[in-house]
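Take a look at this single chain in structure tokens; it is the form predicted alone.
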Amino acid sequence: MTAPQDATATNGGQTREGTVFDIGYQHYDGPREGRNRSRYAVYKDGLKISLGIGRGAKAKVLPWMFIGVLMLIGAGMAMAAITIDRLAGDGTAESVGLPTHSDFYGIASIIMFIFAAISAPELLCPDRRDGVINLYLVRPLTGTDYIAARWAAFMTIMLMVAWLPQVILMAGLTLGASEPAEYLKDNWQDIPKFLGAGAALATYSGTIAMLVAGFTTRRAYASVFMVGLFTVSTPFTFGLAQELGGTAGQWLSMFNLSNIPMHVNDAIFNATSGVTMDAPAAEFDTWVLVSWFFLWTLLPATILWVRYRRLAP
């Protein structure tokens, strides 16, 4: 700001004195990065929110606790297999049926569901409750841009949560083998399998969690509803499906929301996980189960998009 300058003015024979300040406002002549820059800013902000970066310690506790637990599960599975193979010889862990890549998501899925239920509302609820969404939607950013960027940010985090423990498990099993190169040569096919199964679980749980969060401004309500949706559907559908039996029981079992991505996991690994072993829906053909998964992923995504594309500042 430059030094003030004295100024005088005459009005009806009266002289008025004042001071003019030059506060340095200037026209912006730099690059205009436009819509893509706005999308990236919302995406990057979503990553930080999901992990609690740039926020207080309390915001970091829950996301990193869940990530840490999942990493410990992967490391624990690797250590158990390595220990048994070292004591009883290579291949013993596999022969006795210790959990491996195909079983991991069945063990960790409930943790990922809870993580999604807690993290997704943080991305959407405060913006609508505090009116920040109106600032985001000032042109050129649209409702579609906003929700797509938020969804992409959350999927990035969910994929990291799903894949990182599997990478730790693969690294542990490979380095713990008596001949790591041979082990990797014989088992490298598990890598694209756990990447695909993890992407299915992350996309499914993350999209449904964001849909729930998109219809309330209260984070607690969204989290509780999401957790209740998955925990109640499992015993209700399983018990009633067993009672009904037949085709009706199989279709009712399809509404066990926790098992929907696990059927895809089974199809990818060509194996039956513990959580779907007794599910009547497992008797359906693979194409039916996979189609059901895509329906329960694409329909919530479409509803979420339609809801936000209509928003205007």
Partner chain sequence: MWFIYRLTLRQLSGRWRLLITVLLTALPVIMGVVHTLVEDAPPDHDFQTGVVGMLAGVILPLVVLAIASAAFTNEIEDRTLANLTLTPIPRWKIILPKLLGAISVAAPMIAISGILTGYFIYEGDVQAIASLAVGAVVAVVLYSVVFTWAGIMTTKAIGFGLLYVFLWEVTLSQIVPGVRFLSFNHYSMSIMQAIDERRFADEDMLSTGVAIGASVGVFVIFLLLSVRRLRRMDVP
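Positions refer to the first chain, counted from 1. The model shown is predicted, which means the values in this text are computed figures rather than measured ones.
Just so it is clear, the following notes concern the form predicted in complex with the partner chain, a form of the same protein that is not shown.
When contacts are judged by a 4.5 Å heavy atom cut-off, Thr203 does not count as touching the partner chain in the model of the complex. Using a 4.5 angstroms limit between non-hydrogen atoms, Val132 is distant from the partner chain in the model of the complex. Contact annotation for Val61: at least one heavy atom lies within 4.5 Å of the partner chain in the model of the complex. Although the partner is absent here, Asp186 lies well away from the partner chain in the model of the complex, with no heavy atom inside 4.5 Å. The partner is absent here; in the model of the complex, the one residue of Ala171, Ile82, Val227, Leu164 having a heavy atom within 4.5 Å of the partner chain is Val227.
Gln242 is the sole member of Thr142, Thr156, Gln242, Thr92 with a non-hydrogen atom lying within 4.5 angstroms of the partner chain in the model of the complex. With the partner chain omitted here, the record of contacts in the model of the complex names 61-69 of 38-46, 61-69, 274-282, 256-264, defined by a heavy atom within 4.5 Å.
Contact residues in stretch 157-183 (any heavy atom within 4.5 Å of the partner chain, taken in the model of the complex) are absent; none meets the cut-off.
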